[in-house]
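Next up is one chain by itself, shown in structure tokens, the form predicted alone.
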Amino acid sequence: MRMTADVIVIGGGLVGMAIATGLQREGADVLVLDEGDVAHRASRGNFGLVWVQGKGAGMPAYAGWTRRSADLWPGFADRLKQETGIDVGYRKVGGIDIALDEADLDERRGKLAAIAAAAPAETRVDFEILDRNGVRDILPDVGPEVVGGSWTAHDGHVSPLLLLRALVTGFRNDGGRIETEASVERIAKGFSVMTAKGSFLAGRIVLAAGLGSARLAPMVGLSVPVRPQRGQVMITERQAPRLHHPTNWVRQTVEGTIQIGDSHEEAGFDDGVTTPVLRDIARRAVRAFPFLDGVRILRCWGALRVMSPDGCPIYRQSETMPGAFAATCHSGVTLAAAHAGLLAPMIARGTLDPSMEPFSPTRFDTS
């Protein structure tokens, strides 16, 4: 079989396209194989936060990796705009994790302090615990039930759909190729990849297929133990600009709509919506921002997060089939800059840096 590409990336969502973009920039000839619209694409349902605070509890490496990605995001967004003309709507304006009771605020304070204490100085996330007045100074529309919140200047938000569009556009402009409706059936040594659209051959392969990586990983001697976790989201009619900083539950998009969400449900592969969960999301949002009580909801959707057992990313090169890499996480937006600018060059060199060892799936071994 004739060589198809230097590297085949399986998965055309945010994780796969960020890595593919980075590899293409490194001079590799890259082919992306994607299922198309039938995929459970987390990128479509993503809330759009570039979120640092709270990441890495129990895993300092994840806290540092997230901070490094956030630091890269301004340049990453600027380069995408220069290369494609697409403004992905990235705004690094700081974010607030809102608390509606004192117990929640105390728990948040302890969690953030523990993460900061375990982090190296260069990747430590500075935070501030705000009382109600402090939150109101930043977000004047908060309701009387808000008791406080945590703030970091590292947080921001972006349009996930524009981000995916920019990555695809830039990748293709740079000579990258994408085969859609190319669901992978089998991977053999070589790496020969059999799909519904034929077979493809490459010297290296990257599994970035989200939930599909669990099925594909054993074919190349890897383990990617991920499960779906559903989140439901609502979007409102456009409003005049009033929420200038994103929160953990509510954010105003660059188009003016208001996005409301943050549910965590173990519902298998069901990505539908349910009235009880949407009701609870709406009630919580109104408690935080009472003006939302009179705003019309235009659309609701459900999407599936890609969750590892500890919620942290998985990165690994196969020992039995060197050249095969796995990359998966539930923070495809936040980590996009790191995937393109840091992870992709490692894959291009053929080896992951020692700093990536904490993300190996061997951490889940119990034997």
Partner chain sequence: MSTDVDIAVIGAGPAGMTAASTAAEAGLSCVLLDEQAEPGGQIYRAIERLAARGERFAEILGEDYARGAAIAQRFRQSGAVCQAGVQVFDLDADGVLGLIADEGARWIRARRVIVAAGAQERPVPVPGWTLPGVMSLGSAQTLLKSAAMVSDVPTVIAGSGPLLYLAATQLIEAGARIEAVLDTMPRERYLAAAAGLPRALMAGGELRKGLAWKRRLKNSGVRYLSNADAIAIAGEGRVTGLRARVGHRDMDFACSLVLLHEGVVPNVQLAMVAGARHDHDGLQACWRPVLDPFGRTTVANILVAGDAGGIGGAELAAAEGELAACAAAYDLGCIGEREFERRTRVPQALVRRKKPLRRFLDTLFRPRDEVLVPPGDDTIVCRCEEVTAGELRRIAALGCTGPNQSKAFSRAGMGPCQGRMCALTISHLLAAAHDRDPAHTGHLRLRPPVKPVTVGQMAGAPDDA
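No experiment lies behind these values; they were computed from the predicted model shown. Residue numbers count along the first chain shown, from 1.
Omitted here: the form predicted together with the partner chain. The next part is about that form.
Can you check 163 to 171, 212 to 220, 140 to 148, 103 to 111 and let me know which stretch has heavy atoms within 4.5 Å of the partner chain in the model of the complex? That would be 163 to 171.
Find the only residue in 182, 286, 125, 129 having a heavy atom within 4.5 Å of the partner chain in the model of the complex. Going through each option in turn, the one that passes is 286.
Answer option from 243, 201, 72, 278, heavy atom within 4.5 Å of the partner chain in the model of the complex: Looking at 243, 201, 72, 278 one by one, just 278 meets the 4.5 Å heavy-atom criterion.
Taking the partner chain as it sits in the model of the complex, is residue 260 near enough to touch it, meaning that at least one heavy atom pair lies within 4.5 angstroms? Although the partner chain is absent here, residue 260 would touch it in the model of the complex, with heavy atoms inside 4.5 Å.
Verify the contact flag for residue 302: yes if a non-hydrogen atom of it lies within 4.5 Å of a non-hydrogen atom of the partner chain in the model of the complex, no if not. The answer is yes: residue 302 has a heavy atom within 4.5 Å of the partner chain.
Though only this chain appears here, would residue 187 touch the partner chain in the model of the complex if you measure heavy atom gaps against 4.5 Å? Residue 187: no contact with the partner chain in the model of the complex.
With the partner left out here, check for me: in the model of the complex, does some heavy atom of residue 255 sit within 4.5 Å of the partner chain? Yes, residue 255 lies within 4.5 Å of the partner chain in the model of the complex.
Counting only heavy atoms, which residues in 222 to 239 are within 4.5 Å of the partner chain in the model of the complex? Residues within 4.5 Å: 234, 236, 238.
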